[in-house]
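Next up is one chain by itself, shown in structure tokens, the form predicted on its own.
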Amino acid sequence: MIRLLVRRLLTGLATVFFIVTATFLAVHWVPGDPLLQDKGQAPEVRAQLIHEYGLDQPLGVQYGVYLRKLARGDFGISFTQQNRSVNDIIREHFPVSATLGLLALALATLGGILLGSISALRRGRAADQATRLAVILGISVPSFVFAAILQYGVSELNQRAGMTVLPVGGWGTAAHLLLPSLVLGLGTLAFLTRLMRSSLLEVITQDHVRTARAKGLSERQVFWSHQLRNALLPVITTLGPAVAALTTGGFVVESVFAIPGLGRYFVQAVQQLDYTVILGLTVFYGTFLVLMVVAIDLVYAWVDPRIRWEHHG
């Protein structure tokens, strides 16, 4: 297990280094000037800002300076938000994105396992066909379309009820979490449902399941003891990227529902060509994704001991 952890961490470190390098080069090669947001800026002020941010240095020097700061955990100062560091943006707004993402992940995971199991156990019946249709819609329809439909439906409900049954946007209460977390998790829910269905259908036909039935175990015992655990293994492998994507990647959902999370600031940074915010949030997201993948790999190895023996071989 220790060798597996070290190997995964070294691979993750190399991946993060590639993300940092690729993102740094990309933002500096994109046409545009982040210091031209203020059209009335005096030339001497502009020259001072260029020197302060180190933009007058060769690209290689800028890259070295950024790596040294990054090694200390310093993501830099925003170009467009006066005297505000990227670390402060992450510290203040990541909890919002994480709260929304974790709730979306919980809904998607529980719903995916439940619907996938029902679909597999009722294969060919009405429940299976309805679930497969819902999965196709959930995967193919963009999240902003679902968001618009739900917002319209809830607005009509609020209007007819003469009161706010559910808020259609904003942040601050538990009620504000319901719609955006549902929209954010729909795509993942549909994917996990399909994955769970196919995995369970494969497990159902295996020899150990037939042997369990031959021993006289009830269908409930067979399902919980022999089918579900083995069918969950492929689902577990997808949870690492899903955790990172849902907790930091709900850019569209956060914008549509006016949620003050990291996604909102990333979109603003791209629009304003704020180098440090784009770099900081991308590196933070990439590192978080790598850590989640490593964590899920270890969980997978714990659930299925064969993984550990394969790496020792």
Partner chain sequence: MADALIPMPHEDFAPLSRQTLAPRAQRPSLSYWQDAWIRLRRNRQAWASLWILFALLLFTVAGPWLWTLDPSEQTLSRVSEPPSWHKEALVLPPPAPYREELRSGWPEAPATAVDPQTLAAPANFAFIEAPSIQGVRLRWDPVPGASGYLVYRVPERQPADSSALGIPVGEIQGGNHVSFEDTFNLKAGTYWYSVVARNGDESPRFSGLRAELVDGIPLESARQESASAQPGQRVRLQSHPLGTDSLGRDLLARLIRGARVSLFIGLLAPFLAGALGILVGGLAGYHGGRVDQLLMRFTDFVMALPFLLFMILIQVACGMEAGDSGIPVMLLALVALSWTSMARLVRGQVLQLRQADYVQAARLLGARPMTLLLRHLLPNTLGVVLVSLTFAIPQAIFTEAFLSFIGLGVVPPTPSWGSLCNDGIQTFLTSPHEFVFPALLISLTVLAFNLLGDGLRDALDPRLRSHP
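Numbering follows the first chain given and starts at 1. Note that the structure is predicted; figures quoted are calculated from it, not measured.
The protein also exists as the form predicted together with the partner chain; that form is not presented, and the subsequent description refers to it.
- Heavy atoms of Ile259 never reach within 4.5 Å of the partner chain in the predicted bound form, leaving it off the interface.
- In the predicted bound form, the partner chain lies farther than 4.5 Å from every heavy atom of Trp171.
- Within this chain, Gln48 is remote from the site of the partner chain in the predicted bound form, having no heavy atom within 4.5 Å.
- The closest non-hydrogen atom of Pro142 lies within 4.5 Å of the partner chain in the predicted bound form.
- Stretch-level contact check against the partner chain in the predicted bound form with heavy atoms at 4.5 Å: of 145 to 153, 232 to 240, 107 to 115, 73 to 81, the positive one is 145 to 153.
- Contacts between stretch 272 to 294 and the partner chain, counted in the predicted bound form as any heavy atom lying within 4.5 Å, involve Leu273, Ile278, Leu281, Thr282, Tyr285, Gly286, Leu289, listed in sequence order.
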